[in-house]
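Take a look at the structure tokens below, where one protein chain is shown in two forms, each on its own, as structure 1 and structure 2.
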Structure 1
């Protein structure tokens, strides 16, 4: 019962947070001057009529009411104005999301196993040169922004050696889960994976090193277990409890993508779409994508928090 109340409370807080963030973004975006509609033939009249229907010439409270009315009743996020003029925003987003999902899915499927392996190895070699080397590399990869690695990867793998293309293959000619698509996305996958590998390595190393110093592990050794058996049966199981929710959060966050990486490698995903909408001041796209990213972040945080209670029954969610 307490768990149920805790979930309901978190859901209500999530909805309230989502509403507050959306409201702030809507008000701030409406305070900016309205961009002129590009001259695109018949699309101009279409966009102007949609602006009239959305109450662009009415007070901001009326616009806000019409904004939520169209979304909740009709699922209508509006039309593109400065980009994809006259096209439904929801349809454009559905076309872009698969690129973001695929490149992030490839990245975490490679980065998570590497991060766990490096973290376990560093913990087992604690205070030795291997541990110092891995810890130093982790600090380097976490401290330096991802776009710096992206430029280096782009220069070395695409320009200098010519092993990979600078552009991503089209979904019309290349299936998403094919070697050709993977090869065209590989530089972006590597750039995205650096941060994930470093974060999971650091977290795994810290958790496992703490568990290995526990008294119960010494007790297991005195009962006749070998060091390998004690690590596999006891240390690894306890160390994975806080690590698994982090891994789960990575999979939930595959829709969020990486804004800068997609832009650098010209991946036609929602990340690059978001940055373009900000630069061109396409308000409808900006609001739809802001709501999308906010919702993904809030849902991911909620699922990660709740997963602790399911993974380890000793953790009672909602208890004081």
Structure 2
């Protein structure tokens, strides 16, 4: 019961935070001069009538009310004005999200097992040269920003050797879970993966190394378990407890993806959409995507926090 109350409390706080951020954002956007609709092609009338319906010439408070009403009742975020003029923003977003999700999904599917394996290996070989090698590599990949090795990957795999194409296959012609799609996304997947592998390796190594020095492991060995049995049955399970929330966080993070990787490898995902909306000053898109990104961040943080309590019975939540 205490747990339930705690979860509800955290949820309410999250919603409040989300609401405040959205409100501030809305007001700041409404303070900007409204872009003229002149050069928007044939959809001018559509956009103008929609602006009228959204109360663009009424006070900000009325607009704000209509804004939430449209979202909550009809899931309507308005129309694109500067980009995808006249099209429903929610539709465009739904079209773009799969690209982001697929790239990131591929990347973490590869990165998580690799990270865990490297981490376990480094922990078992603690303070030997293998451990030092892995730890140094991890340090390098964590410190260097992802775009640096994204450029390196792009230069080596796309330009120098020409093994991979520069563009991502279109969803109309290629299914998302096919080899063609995978290989067209491969440079992006690799670039995204480096950081994740490094982070998970470091974390796994630290956790497992700590567990391995625990006394209950010594007891397990004394009972007559082999080293392998002791590690697999006792050490690994305990070490996984703090690693799982991290992995969970990664999974939620795949929705928002990485703006910079999407830009470098020109993946037509949600990040590219956001960048274009900022560049072209499409305020409706900007508002909708800002809400999206804020929400993903908030939910991700909350789920990671709560999952510690669900996974590890030793952590009692809601206690001060």
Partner chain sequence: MNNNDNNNVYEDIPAEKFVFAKRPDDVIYDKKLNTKPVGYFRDAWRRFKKNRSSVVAAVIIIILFLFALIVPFVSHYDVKFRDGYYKLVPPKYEPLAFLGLDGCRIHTEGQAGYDYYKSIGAELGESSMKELRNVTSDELTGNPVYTFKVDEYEKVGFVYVDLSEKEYTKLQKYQNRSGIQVIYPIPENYMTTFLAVSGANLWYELADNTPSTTGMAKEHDENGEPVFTPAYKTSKKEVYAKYESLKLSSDTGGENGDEWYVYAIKNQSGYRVRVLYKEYYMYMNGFYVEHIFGTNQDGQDLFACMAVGARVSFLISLSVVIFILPFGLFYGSIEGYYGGAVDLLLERISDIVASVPLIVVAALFNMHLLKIIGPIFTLWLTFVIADWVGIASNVRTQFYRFKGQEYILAARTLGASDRRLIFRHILPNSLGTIITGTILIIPGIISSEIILSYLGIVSFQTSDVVSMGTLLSQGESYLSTYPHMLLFPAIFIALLEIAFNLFGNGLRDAFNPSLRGSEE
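Residue numbers count along the first chain shown, from 1. The term rigid core refers to the most C-alpha atoms you can superpose between the two forms while keeping them within 1.5 Å. On a predicted model such as this, the values are computed, not experimentally measured, just so you know.
Comparing the two isolated chains, structure 2 is the one taken from the form predicted together with its partner chain; structure 1 is not. Relative to the superposed core, residue 292 undergoes a C-alpha shift smaller than 2 Å between structure 1 and structure 2. After superposition on the rigid core, displacement of the C-alpha of residue 54 between structure 1 and structure 2 amounts to 2 Å or more.
Once you line up the core between structure 1 and structure 2, the Cα of residue 264 stays within less than 2 Å of where it was. Superposing the two forms on their core, we find that the Cα atom of residue 28 is displaced by 2.6 Å between structure 1 and structure 2.
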